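Starting off, we have a lone chain in the form predicted alone, written out as structure tokens.
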Amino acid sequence: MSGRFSAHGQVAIVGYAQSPVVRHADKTLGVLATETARQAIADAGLEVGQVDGFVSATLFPTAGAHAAEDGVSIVTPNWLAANLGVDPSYAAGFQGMGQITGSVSMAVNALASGAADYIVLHRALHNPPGRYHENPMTQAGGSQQWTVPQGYFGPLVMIALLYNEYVQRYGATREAMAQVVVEARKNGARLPWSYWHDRPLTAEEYLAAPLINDPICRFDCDIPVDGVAAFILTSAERARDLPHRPVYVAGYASGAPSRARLPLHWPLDDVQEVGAAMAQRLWASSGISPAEVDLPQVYDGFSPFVYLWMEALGLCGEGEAHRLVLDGGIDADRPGTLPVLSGGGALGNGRMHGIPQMLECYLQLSGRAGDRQRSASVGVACHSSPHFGGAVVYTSEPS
């Protein structure tokens, strides 16, 4: 993509619904998704029959041997449409690591091209019984034969290796990371749908937690949950006739590794190099600079992602995020800071992928955040790693 995105400000979010985020829901994921989609459609002032587009991403983010069963552990766009009784004009699923930002890009393109008039974008996350990342393998083939026998398996070791590079290169401390996790839990504890509602965390509790993969402890990881969120997107023109203030998509960008690596090998240099290039495309496509963003929402499925996204987006210098955090620079309750976790993120809500970031941008920019309402006009919502995910710029005005 070169230059400003041609669909800049032409597509808007006009409604939403968020289910309670719980460890194990008392209903199947398909039922939860259907109910949540109906609530989002009603919130947008629409009838189910008016919806003609469905978009999602169905990656089941576990390294274990759990089955992906439509309507039970995943919910595809076509499954949701069928169970709402809709024969859609457009139904598509994003395949990749940045599931939320990728889904947004597909929905925006479909609406801008006229493939659909009203789109339900949903994400359904499932927490299966048993250990989430339990490894039942008795032998390993392919690239895993070089890593699994040594215990290098699953995303936790991947992020621990990456974070160790950051710690050794820039001198980051656990005391600084404690402030990241405390901030996420503080803000998530304020949300009625959050798994961590009314359950903030102290720095002392974080620092007392045993390490799982040095320097990562369990509080550095988002907790697996059952939960569904749904958003309604339509054209800016149609949005004017709907009940809520629209939030416009100004641009988006994604990143992809530039070098061949083993699947779980994410060197810090790769993340920084590709993340910087991704951010350049993001600002060019949206026509917005980092200095104009007053609601950055960075991804935090693992706490070190907060540093990586802040630096990739240009919110601070390379290697400086941990110092900014330690100085209180992301405290959402202090004026003049970067409220990068004001929506609680994944650490403050549960493993909802990039949904908390997208939802916070929508709620704040549409003026629907209630007691938490901030003064903001430009938001950025991120998902996954800067070199393997993406970001979307949202605005309260169409241009």
Partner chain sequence: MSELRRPVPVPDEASAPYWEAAARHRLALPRCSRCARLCLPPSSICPSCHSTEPDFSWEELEGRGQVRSWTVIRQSFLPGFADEVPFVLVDVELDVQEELRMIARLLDGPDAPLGVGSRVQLGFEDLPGGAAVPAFELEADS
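Here the structure is a predicted model, which means the values were calculated and not measured. Residue numbers count along the first chain shown, from 1.
Not pictured, yet referred to below: the form predicted together with the partner chain.
Taking the partner from elsewhere, residue 283 is found to have every heavy atom lying beyond 4.5 Å of the partner chain in the model of the complex. Within 4.5 Å of some heavy atom of the partner chain in the model of the complex lies at least one heavy atom of residue 145. In the model of the complex, no heavy atom of residue 248 sits within 4.5 Å of the partner chain. Using a 4.5 angstroms limit between non-hydrogen atoms, residue 175 is distant from the partner chain in the model of the complex.
This chain is drawn without the partner chain; in the model of the complex, the residue among 85, 151, 243, 129 with a heavy atom within 4.5 Å of it is 151.
Of the residues 277, 203, 212, 72, just one reaches the partner chain in the model of the complex with a heavy atom at 4.5 Å or closer; this is 212.
No member of the trio 22, 38 and 119 reaches the partner chain in the model of the complex with any non-hydrogen atom inside 4.5 Å. Screening 167 to 175, 100 to 108, 312 to 320, 76 to 84 for residues having heavy atoms within 4.5 Å of the partner chain in the model of the complex returns a single hit, 167 to 175.
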